[in-house]
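One chain is shown next in structure tokens, namely the form predicted alone.
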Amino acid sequence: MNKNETYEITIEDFTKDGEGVGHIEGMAVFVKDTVPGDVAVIKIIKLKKNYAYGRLMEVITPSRYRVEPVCDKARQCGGCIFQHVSYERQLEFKLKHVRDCLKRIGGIENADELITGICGMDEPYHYRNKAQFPVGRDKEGKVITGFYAGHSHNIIDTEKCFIQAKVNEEILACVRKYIEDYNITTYSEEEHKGLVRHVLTRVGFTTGEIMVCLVINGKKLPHSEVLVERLKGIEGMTSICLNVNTEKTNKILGNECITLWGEDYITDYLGDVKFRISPLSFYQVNPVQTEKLYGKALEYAGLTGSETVWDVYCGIGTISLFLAKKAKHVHGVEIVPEAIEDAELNSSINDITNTTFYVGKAEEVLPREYEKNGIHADVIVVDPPRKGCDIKALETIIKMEPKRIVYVSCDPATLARDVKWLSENGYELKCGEAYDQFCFSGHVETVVQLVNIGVKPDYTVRL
């Protein structure tokens, strides 16, 4: 096999990043934009000792799972890696990925039985309630907005996105025309010059409330009153604001927000719990699937009203408030101070009084509150970042001896690692389910229940 030469290949499987994989002369070759079952002509673009990367040149015989992408930018854009794959096959791949990680990393031999299935969406389009559109100009000087190409910061000009809220099309058209009409500069990462960096939108799927926030490399937006008047004409517009980010950084949002019109926030509901959402708030982007996932987490918690519950990595209290309606008391811990402020505010606006929130690292707060202040736990829910749980936090969780641990995960590999550790320290994986929160991406969420086998559980989810 030689670089820059073309070969015929049969694609056999996916990688976790959505690349097709096949073999040429016994060597694994990874090819973006292919589907298991494709017979294709590829060009070798990178050749390593034990594997290679190829570029798709032509599909000779398409896989039965191959479909025509609904978006004409799908192959260029880094947002949707699976639009050329049938939704049914996407779900199969994600479920297999979760089960395989639990078997290979977690040592759970019967993972196929314990992870009972994957919950997909009835309508996997237009599901995101938050979008962050980079703003720039093309070679002719025309204003462009859209998403970055895969593994780059090159903006793919996108006027219509099939996974974002439909109202974003109207919002972007309005912002683009305003920038062109008043010759507003757009930000250049290379030069660290220009004013408008991103357009952030949030949409309350239940309330219909809309927020538009322009991220700017400065303190003021020229002719902002014109933009406000134009955006106000969009039905549901509730909040128009600026976010100040003058740093030379890839981080999208700065710490300062300036309200130009309306409220400082929008509101939305998950189930019957109301949340107040600011530009800086963390809030799950797929409310339909989030409600289902949290409902399953609540089921796995098995609350009767007498339990003390810890919600570790609680964020703005989304899971905490679901749990609080069924528990005696919920303690939440989160490292981000602003998130805890939001959690306390969300408790207040829902008249929920049986919650206590702590700012700090889980591995520091848990030992302090358990060992020094004697706060125990009947049930512990963890929803960690992609890196999984800190080992010190896990060690304290074991010391607290909860009857059940409910683990919500956004990364099957770190979930499997932590499940293995918990399994070696007195807990048994009883059941779980995968959730497709990010349709057409490679990401998958999972929720599992672990039971303390050192005590007789009073609740076990039946398979």
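Every value quoted in this text rests on a predicted model; they were computed, and no experiment measured them. In this text, residue numbers run from 1 along the sequence as written.
The following text describes the form predicted together with a small molecule, which does not appear among the structures shown.
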Stretch in contact, per heavy atom within 4.5 angstroms of the small molecule in the predicted complex, of 111 to 119, 197 to 205, 70 to 78, 281 to 289:
281 to 289
Taking any heavy atom pair closer than or equal to 4.5 Å as contact, tell me whether Glu341 reaches the small molecule in the predicted complex.
no
Is Val228 close enough to touch the small molecule in the predicted complex, meaning at least one heavy atom pair within 4.5 Å?
no
Should Ile155 be classed as touching the small molecule in the predicted complex when contacts are defined as heavy atoms within 4.5 Å?
no
Considering non-hydrogen atoms and a 4.5 Å limit, does the small molecule approach Leu323 in the predicted complex?
no
Would you kindly say which of Glu169, Glu299, Glu363, Glu92 lies with a heavy atom within 4.5 Å of the small molecule in the predicted complex?
Glu363
Pick from Val212, Val309, Ile266, Ile319: which residue has any heavy atom within 4.5 angstroms of the small molecule in the predicted complex?
Ile319
